[in-house]
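In structure tokens, one chain follows: the form predicted on its own.
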């Protein structure tokens, strides 16, 4: 019999890739709230993760062998303007879930963000000092600390900006970019914002591979890229008009949430544990050639 895995945020972008990556070896249960998902190899469960009692009852009934907590309000600008609601989801629900997993001794993985850093240095290691600039980053930082306080054996995966299967979400970074270019729209991309951008399939596979390791682990791509540099790579892979790509600076775009300049991640720890992400070019080509899954 397959072991049982619960994935929260199953209808989200990372959740989609986790469902696809896990279904071969796990009996998968995907928890979703506002959106549904349709995936024949996983059981969908509708539950507001803020409902501690209902969530605990589902976990008690399923008796999972592991839980991956990928649910979050991840729109940094929304979090900046809706602090109370996003705190309930990003912090309080995470604390409750960590407590349930600790009580039942269930392996627990929490997906955090590179935005816990201020971006003044780049290539951050796991033990680097945190100093988030945005409400979202602050909430993820608090949730990290609370998870490891409540359940020291849990795993915290800090993740980068991701791209992946285009049909996974109409709102994902790559899908928006491709749609705009195909519609003949010019796209302005930051030349001074650096991330360790990585394909969501590599990230999902890394999470599943390293589930049994506790503590903080950085999962990201091997390349430090600006958003503009990634845009050029994506345009080449999908044979889009690179002339529609415009370069801009962070200071040129006013947003609710402050943006760090360089939150690239050092992934040497994860690599030493067996994490082997594909390059950005390799994953983009697989997506463009419709060979991603």
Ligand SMILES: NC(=O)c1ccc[n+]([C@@H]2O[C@H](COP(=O)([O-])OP(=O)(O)OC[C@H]3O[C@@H](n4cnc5c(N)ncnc54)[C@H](OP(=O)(O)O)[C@@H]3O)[C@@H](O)[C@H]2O)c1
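Numbering follows the first chain given and starts at 1. This structure is a prediction, so every number in the text was calculated from the model and none was measured.
Absent from the display: the form predicted together with this ligand. The rest refers to it.
Contact with this ligand in the predicted complex, defined as a heavy atom within 4.5 Å, holds for exactly one of 204, 154, 162, 143, namely 162. Scanning 232, 255, 47, 246 against this ligand in the predicted complex with a 4.5 Å heavy atom cut-off leaves one residue, 47. Heavy atoms within 4.5 Å of this ligand in the predicted complex are found in one stretch of 176-184, 98-106, 70-78, 209-217, which is 70-78. No residue in the set 196, 237 and 278 has a non-hydrogen atom no more than 4.5 Å from this ligand in the predicted complex.
Although the partner is absent here, residue 14 lies within 4.5 Å of this ligand in the predicted complex, judged by heavy atoms. In the predicted complex, this ligand lies within 4.5 Å of some heavy atom of residue 136. By the criterion of a heavy atom within 4.5 Å, residue 189 is excluded from the residues contacting this ligand in the predicted complex.
Taking non-hydrogen atoms only, residue 32 approaches this ligand to within 4.5 angstroms in the predicted complex. Of all the residues from 94-118, those having a non-hydrogen atom no more than 4.5 Å from this ligand in the predicted complex are 111, 112, 113.
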